[in-house]
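First, one chain by itself in structure tokens, the form predicted on its own.
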């Protein structure tokens, strides 16, 4: 994997981003006063691209096996830090086939490593497709399959609800672009909160109109906050949904600690090759090692997105790390410890950055890239989005 500057003038790149902002609804191009869409790209060779696709698609299959087994075993489900009120719904929804995921693959000296999964409400659609639709670089291809994959997934359904956390414009922009794709494909759509879902005569409704399916951009662990929770618990598994509520099992980072109980030998070997050693946080067992060797460990909460609950001991101030350990020890069931791996930096023209290649998977098949880079080995909402190009064979 390498990085290149894109052959665009400042004016041409600004014109491209104008389209991304207004045609593709990427309103937050600037984060914390900084531009997050530079004219740069990650480049993969054809063999690297093939390897990434194979890893992502196999991850989807292996996680599916693991999630089904967890759903069928209450003692395992209880270890994922999922609100218990959702257990019955998760067990019933486990067989729903719809899936939209993104796996962030980090380059290491020993190959690609995937420290967590984006299975519940993965994002990045606006910039990923907005740039891919417009970018043309001689000698390279840019996989751009996400729009088709999503519209194919909703092909059987005429009217689709866009259900999102309505207090967040970032969530709205993700639903807005999916809505555009669906309406262009001949569907109709209605936007609303999961709280707006109601039950009509033999069908679901949002704002009084019938809906046949839903696109959910609302974190599954937030469902207990809804005023219509009873409806979700009773019938939430009966509404075809991308992603289904069962994605919450796949999203929990504590799933990583259960691999030996869930997988057969071949799948377990694959998972151990591409995911770091992980254990549910046990203060008596782990605190001495975490205090003495913070450079070796990462502490995470069970749920969280865009790096907002990931703490890397090697890049934290000692006093902040000590405070974090005390906080985690007071509520250990919501935390896990993960062995830190060596994230190799990639040479960009402005200096080294830590990049992750982000393949999308829709219903088990590769569907394009959303890749990011940052000046430190922790990718947050402030990370840069960089296009992913494939060298022509």
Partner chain sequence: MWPPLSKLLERLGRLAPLRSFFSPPTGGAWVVGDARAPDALGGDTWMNFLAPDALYDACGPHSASPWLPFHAPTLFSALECTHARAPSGDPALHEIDQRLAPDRRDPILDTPEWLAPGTLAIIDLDGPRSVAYGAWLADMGGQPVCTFDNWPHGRGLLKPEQTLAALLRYAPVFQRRRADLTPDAPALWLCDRTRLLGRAPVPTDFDNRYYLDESALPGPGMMRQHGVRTLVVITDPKANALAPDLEAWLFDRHNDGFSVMHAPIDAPHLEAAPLTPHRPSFSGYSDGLHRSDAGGFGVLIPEPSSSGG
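As the structure is a prediction and not an experimental result, all values here were calculated from the model. Numbering follows the first chain given and starts at 1.
Omitted from view is the form predicted together with its partner chain, to which the following refers.
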ask   = Would residue 341 sit within 4.5 Å of its partner chain in the model of the complex, counting heavy atoms only?
value = no
key: is_contact(residue 165, its partner chain) in the model of the complex, heavy atom dist at most 4.5 Å   = yes
task = Look up in the model of the complex whether residue 32 has a non-hydrogen atom within 4.5 angstroms of its partner chain, and give yes or no.
result = yes
query = residue 171: heavy atom within 4.5 Å of its partner chain in the model of the complex?
reply = yes
key: Among 264-272, 106-114, 190-198, 79-87, the region lying within 4.5 Å of its partner chain in the model of the complex by heavy atom distance   = 190-198
query = Of the options 218, 321, 154, 140, which one has a non-hydrogen atom that comes within 4.5 Å of its partner chain in the model of the complex?
reply = 218
note = Of 149, 316, 287, 226, the only residue with a heavy atom within 4.5 Å of its partner chain in the model of the complex is 226
inquiry  = If you apply a 4.5 angstroms heavy atom cut-off, which residues in 377-393 are near its partner chain in the model of the complex?
reply    = 381, 382
